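Just the one chain here, the form predicted on its own, laid out as structure tokens.
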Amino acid sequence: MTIKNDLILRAARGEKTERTPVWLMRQAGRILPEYREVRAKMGGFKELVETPEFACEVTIQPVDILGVDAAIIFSDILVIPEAMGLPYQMIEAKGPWFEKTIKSEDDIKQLRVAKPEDLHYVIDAIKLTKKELNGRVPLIGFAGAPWTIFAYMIEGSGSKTFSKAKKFLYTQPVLAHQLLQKITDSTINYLKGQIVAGADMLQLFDSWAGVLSPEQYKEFSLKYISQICNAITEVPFTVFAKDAHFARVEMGKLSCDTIGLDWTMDIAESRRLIGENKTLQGNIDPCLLYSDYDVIKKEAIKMLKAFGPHRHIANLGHGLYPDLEKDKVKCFVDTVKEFRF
């Protein structure tokens, strides 16, 4: 199927584009009243993720309402540990929680390497969304990076420090590598399944990159991200590692197309460290979107000028916050779409 608006795919491949493409992390979510209506029909977030028809509906909402240049499948990074045999719950206002966590070699042995069919509900949602989008914009699939998934599997929930997960790296490094490899193999299978189902582009989220030292990050995260990048050759691939300032030179060497920047990463410095042969994505602070319309426009244009006309996909430096106003988010999207160099 021909994609009518393929700006984002061309930008990722380094081709010239008429304007900078834009999409937003967490664009399908609570900032949209339409999303809240669908969510109200379901038992909760997890039920929504696991129901392809509703996941498809909320995936397409931001394309219709905000006018973004890509849809990203509505799902969660923690579907992978569940598919491996470690179920989680999503507790309202608290976040993810695992009743059982990984503590020993036995626990790791009991986990399976996930296959796409273990995540059939995501695969079905991608197929359905591709059909419903009818080639309007590309569909982005995603997964969590192995270190971030590992951190939840050891910790059992979110954390400011992830000290249990880091303790595991220091005290049981051999077992840590065993678990990380199993997560990596599962993630490659899952992403390949997303491509077969119709994902036009993929993104890997390393949400907790910033809690590791540079040395540990190379050893326990980048090594596995690199394996995934090497395995995914069919579609453009983005790596977003939150707070990984120390790894930007190494990121530039990964065999992916795009590197996501958070808002604390200077644009010119990042370009210099990452190099010219990668597209950069980002990097407005989501909190900018609380300010007034004039400030949003001014800062969006400033960001666009700093990145320049080529090899840039406009986005935030992290996901949208649930209490942002829809019209202010749309103002940011519209400003990017209207701007010409």
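One rule holds for the numbers: they count along the sequence shown, beginning at 1. Here the structure is a predicted model, which is why all the values come from computation and not from measurement.
Not on display, but discussed next: the form predicted in complex with a small molecule.
The contact residue chosen from M25, L9, L324, V333 relative to the small molecule in the model of the complex is M25, the criterion being a non-hydrogen atom within 4.5 angstroms.
The listed set R272, K297, R39, H310 contains one residue whose heavy atoms approach the small molecule in the model of the complex to within 4.5 Å, identified as R39. A residue is said to contact a partner when one of its heavy atoms sits within 4.5 Å of a partner heavy atom; P286 fails this definition for the small molecule in the model of the complex, lying far away.
By the criterion of a heavy atom within 4.5 Å, P96 is counted among the residues contacting the small molecule in the model of the complex. The small molecule is not shown here, but in the model of the complex it comes within 4.5 Å of a heavy atom of I72. Shown alone here, F168 lies farther than 4.5 Å from the small molecule in the model of the complex, counting heavy atoms only.
Taken together, the three residues F45, M90 and F142 all lie with some non-hydrogen atom within 4.5 angstroms of the small molecule in the model of the complex. The stretch in contact with the small molecule in the model of the complex, judged by heavy atoms within 4.5 Å, is 72-80, chosen from 72-80, 259-267, 111-119, 191-199.
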